[in-house]
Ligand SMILES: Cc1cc2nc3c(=O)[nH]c(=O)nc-3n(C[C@H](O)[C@H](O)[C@H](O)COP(=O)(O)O)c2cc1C
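Only one chain is included here, represented as structure tokens and corresponding to the form predicted on its own.
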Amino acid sequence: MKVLVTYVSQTGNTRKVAQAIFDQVEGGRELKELPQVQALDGYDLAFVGFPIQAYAPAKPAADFLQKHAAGRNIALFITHASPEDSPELPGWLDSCRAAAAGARLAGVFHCQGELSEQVADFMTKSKDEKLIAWAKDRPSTIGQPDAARLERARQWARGVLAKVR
């Protein structure tokens, strides 16, 4: 089985998760940043990772999935700065699944990542009260994804691989 792990990472959070997933893949495997991937031909499974930005999947990932995911085995891994029990998160994850419409979705993993100082500064200048509140909560995101979240990503990847084989 040939597996691709590809990702978009603005601050390094998604890259860390991509590496954790990649380390679980045996045999034919490639790790590439999303802009390096032109098509999914030749891959039996593609893990596609991206951050949630503005309540939706990062635009490059959404565009890629809409163009290439149909009929393919796809597993999504998603990072966000929101607490994992945030009531808004299920809707955001639904929009990520929708971006992969037509794919054979093998699984979805998500975890909190560190909110960058630059993004937090941008959010505090917003008129959106929720964004301002999340920006103020930045200290709770520092160090994420932590070792426990990366281990959850590894376990999830092993389960996806077993399911697709």
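The first residue of the shown sequence is 1; numbering continues from there. On a predicted model such as this, the values are computed, not experimentally measured, just so you know.
In what follows, reference is made to the form predicted together with this ligand, a form of this protein that is not presented.
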- Residue stretch of 98-106, 35-43, 114-122, 22-30 approaching this ligand in the predicted complex, non-hydrogen atom distance within 4.5 Å: 114-122
- Query: With the partner left out of view, is Val8 within 4.5 angstroms of this ligand in the predicted complex by any non-hydrogen atom?
  - Reply: yes
- this ligand contact in the predicted complex: Phe64, any heavy atom under 4.5 Å: no
- Answer yes if any heavy atom of His80 is within 4.5 Å of a heavy atom of this ligand in the predicted complex; otherwise answer no. yes
- Any of the heavy atoms of Gly12 lying within 4.5 Å of this ligand in the predicted complex? yes
- Since the partner is left out here, which residues of 24-55 would have a heavy atom within 4.5 Å of this ligand in the predicted complex? Pro51, Ile52, Gln53, Ala54, Tyr55
